[in-house]
Each structure stands twice: as C-alpha cells, then as structure tokens.
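Next comes just one chain, in structure tokens: the form predicted on its own.
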C-alpha cells in the first residue's frame, strides 16, 4: 500500500484526510521504521505492509466515532499504535499513550514534543495505572495486547460510566468473546457492536469491538496482573 492508496482508503473510511495529516502520518511511519533499526519497535519493516497493517489497521478503531474533546487512552501503545494514528485523524482528542516500556514512551514523548503535538504519555503497568485513574476516560483503546477477558479487567476500571472500550481484534474475536462473557458481566460491560473488516491488500480479517461500560466497576478490580493472568474472570 503506497501513500496515495493509504490516503484513499482512509477517505473511504470517512476520515477528512488533508495533505497535512498525510504528511504527519508519513513522517511518523518513516521515523518509526528508522528508529526500529536502533531498538525494537515493530516486527513489520516493509513500509507498504506497515501502512496497511499498522496505520490503516489502527484507523479502523475510530471509524464513525466523535472523539472531539474526549479523554482517550491507548493501553500498551508500544510503538504508538493505534494511539498516534487516532490522534493524527482526530487532532481534537485528548489522548494519553500508556506503556510499561520506558524507552518506547520516551521515544514517543520526544517525537511529539519536537512537533508540538498535544499528547500525554505515561510509563506504568496498565493494571497499576488503572487503579490510580478510576473512571477517567471516555474511550480506551487496545490493540494486540492480551486476550479480551484479561483486557476487560484491566481497562474497564479506567472507563467512565457510559464510556467505551474499543478492542482491536483479529479473526479469533468470536472465541475471545465467548471466553469473556463472565468478565463482561462482572465488570458491568456490554458489547454493543462488532465491526468486521477485511484489510484491502493482505485480506486479513479485523474485528473492532465496541464495549460500553453500563455501571461502576467493583473496587477490587483490577487485581494484580499475576492473579488476572492465572485466573481470568
């Protein structure tokens, strides 16, 4: 997928993509791949594949969402996906990028400051951050971080009542949903929409889960990560 094709696909999704937004996205792609040569940010090193499986893939998460002046967080952002792409496409969002790996967050923070991007960054384990920021966010996003039943316990405490967790999943979303039924119930959450997509070039399947928080989360959640992993809800 070249630059022009990416722009077309983003416009087809409904995004208002001008030349400046594309310049910002392309600059971030190039910087990420260049930095990846120094320390590991991504396993995908082909720029055409990167545009599809990292950028376009991330953009799917916010199709039809109004994030203007909303507080959002990207859990386990890694190299900045989907958080940075969400910000480029929705520059009025109040976005925080969270990861436990300091070198990744420090790189992203420095990159954003150099370009005067209005983003917040946090270095912390997600479950520990969640305990300190109960019901702070309108939207939470997670891509390729952990199975849904584990993610729900970590992320739903962060989300405001009537807020949303957007989970970016692949072809096994139906299996993860079955395993997460109990977690959804215990965490006062409900899957209100599943958007299915096929990536335009690789033909890989993507599922975007829109999960709404219907009521307060029990204060005992999230537990320590070892408990969450060993005994998922």
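Just so we're clear, the structure is a prediction, and the values are computed from it rather than from any experiment. Residue numbers count along the first chain shown, from 1.
Omitted here: the form predicted together with a small molecule. The next part is about that form.
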| property | result |
| --- | --- |
| Output flag, 54, 99 and 143 jointly within 4.5 Å of the small molecule in the predicted bound form, heavy atom basis | yes |
| Proximity of residue 138 to the small molecule in the predicted bound form, heavy atoms at 4.5 Å | no |
| Partner proximity in the predicted bound form: residue 157 to the small molecule, non-hydrogen atom cutoff 4.5 Å | no |
| Contact flag, residue 133 vs the small molecule in the predicted bound form, heavy atom cut 4.5 Å | no |
| Residue contact check: residue 85 to the small molecule in the predicted bound form, 4.5 Å heavy atom | no |
| Contacting member of 72, 108, 126, 148, with respect to the small molecule in the predicted bound form [4.5 Å, heavy atom] | 126 |
| Segment that reaches the small molecule in the predicted bound form - one of 113-121, 157-165, 85-93, 99-107, heavy atoms within 4.5 Å | 99-107 |
